[in-house]
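What follows is one chain in structure tokens, specifically the form predicted alone.
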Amino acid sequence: MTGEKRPHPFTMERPPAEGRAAAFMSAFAGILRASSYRPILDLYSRITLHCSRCSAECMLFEASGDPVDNPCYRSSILLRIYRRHFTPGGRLRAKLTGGMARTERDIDEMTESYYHCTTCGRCTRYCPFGIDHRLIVRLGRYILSEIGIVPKNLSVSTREQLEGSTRNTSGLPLKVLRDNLAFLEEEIRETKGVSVRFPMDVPDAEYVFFAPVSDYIMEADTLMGIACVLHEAGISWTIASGDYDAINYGLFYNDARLGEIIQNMIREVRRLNGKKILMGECGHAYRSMRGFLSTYDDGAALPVVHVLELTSRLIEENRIELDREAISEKVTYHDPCNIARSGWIVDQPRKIIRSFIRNFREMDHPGRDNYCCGGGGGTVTVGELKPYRMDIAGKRKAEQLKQTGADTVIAPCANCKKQIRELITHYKLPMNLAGMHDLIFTAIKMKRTE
């Protein structure tokens, strides 16, 4: 890389005007003292970052060819600083030779590179040394956010969720939510001829349900499909009025915020004496809760269930029935990185699809090997990144979608839905987008009337 400054496009609330390098080092040291990152950084700082196996699998680097988008180079920025300033050998070499100290250019490179990254984890899956590049990006963003370097969209939305009057990222008042749910109940009654409720604050339910607040505003069919499944199977469930937004932007930029959001949701489950946590279709919300609940919960572990897991099981148990004639179009499925990369939710959606969709077309590189939609890692929420998301980050996914020849793509994730909708428009793809439970809402046969 050249020594010249690389400007980044991000709007920030209170970006530091000067002394960024010193502030970064202070924040880095504080996080190392208060977290368990040091052992993994000690290990990674001893491993070569020059094999570039990951770069051959990274859709960003494939499309841009810019070294700042190379996973190995991206990780090396932070690891170089750690090695120089936080290891005995690095400090000794620095005294003897001067070494390579952190610079303002490092801050600029990290800001650009770490917020280009969709943290999809594909590079980690193919790294022969097992380096978790996604974790390093998360740590880098955490440090940057502690000194005020974070896209405004993320910080403002998270603050409203944690400290605002509405307690959700979209600022949706509880009264408006209740009105929306009443409208959805009426819509189900008119469409399906059955009274289905969206219960709220019901004590002792088996499941306390969390969906992204954006679903309550924009994804009516997804929510109606989920409600019909739970009603038809006789599942005991409820929504919590005190904290109903499953979005957790802390995962994208700040571990402390990540933990606060999880703890608020746990408190709501315990307030209602719920037995399990049921997450909606959103990928990052499920990963946040399943992957980090044990880190931030000091009580008995609460089971975390994704709604696709539950629906798949209910179909296997013949507790719901789907009309195989209801969906005639060609359908493909996008694997959200946050639920598929780990192997958590891969087979279940395909079992659901094959139970009622006759013309299913698999994308290339499905399941754990999927390509990101291009909007992961919170990048879809950063408006300044849209040109990059469309022309670089989303290019590979647009090619995949086109190759399937499908009429409809299922994308069971709030962020994926937004990104893929924009890709369909940007690349003029002749297809529609739907959530899994959108199609289930069309196909489900309602028999229970009570």
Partner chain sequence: MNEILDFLTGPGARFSLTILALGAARLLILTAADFVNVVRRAGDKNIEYGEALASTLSWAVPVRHITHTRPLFSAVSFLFHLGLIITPLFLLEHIMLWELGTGYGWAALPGAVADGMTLLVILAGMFLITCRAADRLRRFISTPSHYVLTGLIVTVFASGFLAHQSWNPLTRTPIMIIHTLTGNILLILIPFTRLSHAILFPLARIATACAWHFRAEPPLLSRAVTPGEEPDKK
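Fair warning: this is a prediction, and the values are worked out from it, not measured in the lab. Positions refer to the first chain, counted from 1.
One more form of this protein should be noted, the form predicted together with its partner chain, which is absent from this view; the next part is about it.
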> With the partner removed from view, which of 192-200, 131-139, 318-326, 174-182 is the stretch that lies within 4.5 Å of its partner chain in the predicted complex, judged by heavy atom distances?
Replying inline: 131-139
>> Check G65 for me: does it contact its partner chain in the predicted complex (non-hydrogen atoms, 4.5 angstroms)?
In response: yes
> E163: heavy atom within 4.5 Å of its partner chain in the predicted complex?
Replying inline: yes
> Is there a non-hydrogen atom of F86 within 4.5 angstroms of a non-hydrogen atom of its partner chain in the predicted complex?
Replying inline: no
>> R125 versus its partner chain, in the predicted complex: is there a non-hydrogen atom within 4.5 Å?
In response: yes
> Quick one: of E268, D255, E309, E219, which gets a non-hydrogen atom within 4.5 angstroms of its partner chain in the predicted complex?
Replying inline: D255
>> Just to be sure I understand the contacts: of E399, E422, D391, E57, which is the one whose heavy atoms reach within 4.5 angstroms of its partner chain in the predicted complex?
In response: E57
>> Where, within 48-79, is there a heavy atom within 4.5 Å of its partner chain in the predicted complex? Residue list please.
In response: T48, L49, H50, C51, S52, R53, S55, A56, E57, F61, G65, P67, N70, C72, Y73
